[in-house]
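Presented as structure tokens, the chain that follows is alone, the form predicted alone.
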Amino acid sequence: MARVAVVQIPGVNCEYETARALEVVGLTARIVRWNEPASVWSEFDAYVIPGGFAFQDRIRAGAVAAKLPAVDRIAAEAERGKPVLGICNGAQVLVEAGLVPGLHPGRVEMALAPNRAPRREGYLCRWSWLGVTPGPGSSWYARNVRPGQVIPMPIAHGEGRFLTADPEVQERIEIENLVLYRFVAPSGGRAVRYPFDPNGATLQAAGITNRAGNILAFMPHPERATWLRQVPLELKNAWGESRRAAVGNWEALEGPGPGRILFQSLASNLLSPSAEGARPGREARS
């Protein structure tokens, strides 16, 4: 059974629902505190840094947490090919640690800047629409996405705008297809303005990977859309129709929501027979 560490950093507040979302797709999740001994981190097959406000988002969101020894140890495991998913505040940590996009090791190449939207400032919580552009992270984090599928997903952030001051970094992100998830219009077309482009991110980025594709910085909250009961009744698409049809039917409401697609994609890789045999360090634990 594949084991996933859900990293508990002071100020993080989404670890329990993230662990439940991992468990429902067949993974074994354990909440691991940031100050666990160094020997603990190599025991896991994957790592998730969940959402919240690590260290109160002092300086910049994720900046203090990015300096933790635990993040260095997770980075070392990622170098061995293990997947690392950062959700919202976790995405900010991965960017501040220089792990995404990771074009120049040891450098912080991007930031998560404050949202930019007309007549709106600060924290934004709403549902958005996502599309996938195939890239290095497709097999890890979009394996269960159908071609052309538009996925509704909630966002909840004040600093969610992927941004870089380096034209070379932006060019390489675009050329190498590192923007795996983008904000799109409900039709699947380009999100040209608010609310479909909710924060003004570079390339409408909602989730960016490293070049190897095993690290994903993802700003929306898939754990808040893992069950159908979490989908808003008023959503105007097939997911909303399913939610409305499920009113009063608890079994249907406990069915999968759109956020489960990302976790199922991760599980499909971790639980496949080929992954079991090739997983770094597996032979040492068997």
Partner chain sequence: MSAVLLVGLKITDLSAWTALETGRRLLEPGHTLSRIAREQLLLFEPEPGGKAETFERTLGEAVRQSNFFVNPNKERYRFLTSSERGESWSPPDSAWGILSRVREDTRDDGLKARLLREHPMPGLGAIRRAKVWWLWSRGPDGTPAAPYFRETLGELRDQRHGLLVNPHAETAMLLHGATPWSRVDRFLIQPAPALRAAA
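Note that the structure is predicted; figures quoted are calculated from it, not measured. Residue numbers count along the first chain shown, from 1.
The form predicted together with its partner chain is left out here; the points below concern that form.
Review point. So which of Leu163, Leu203, Ala185, Ala78 gets a non-hydrogen atom within 4.5 Å of its partner chain in the predicted bound form?
Key: Only one option qualifies, and that one is Leu163.
Exercise for review: State the residue from Ala117, Leu103, Ala113, Val150 whose non-hydrogen atoms include one within 4.5 Å of its partner chain in the predicted bound form.
Suggested key: Exactly one residue meets the criterion: Ala113.
**Study point:** Non-hydrogen atom within 4.5 Å of its partner chain in the predicted bound form for each of Val64, Lys67 and Ala97
**Key:** Affirmative, all three are within 4.5 Å.
**Study point:** Interface segment, criterion being heavy atoms within 4.5 Å of its partner chain in the predicted bound form, picked from 51 to 59, 22 to 30, 37 to 45, 255 to 263
**Key:** In short, 51 to 59.
Review point. Quick one: does Asp197 come within 4.5 Å of its partner chain in the predicted bound form, counting heavy atoms only?
Key: Contact with its partner chain, no.
Practice item. Check whether Arg146 has any heavy atom within 4.5 Å of a heavy atom of its partner chain in the predicted bound form, and answer yes or no. Key: Residue-level check for Arg146: no, no contact with its partner chain.
Check your understanding: So, in the predicted bound form, is Val71 in contact with its partner chain at a 4.5 angstroms heavy atom limit?
Key -> Yes, Val71 lies within 4.5 Å of its partner chain in the predicted bound form.
Check your understanding: According to a 4.5 angstroms non-hydrogen atom cut-off, is Arg107 in contact with its partner chain in the predicted bound form?
Key -> Yes, contact at 4.5 Å.
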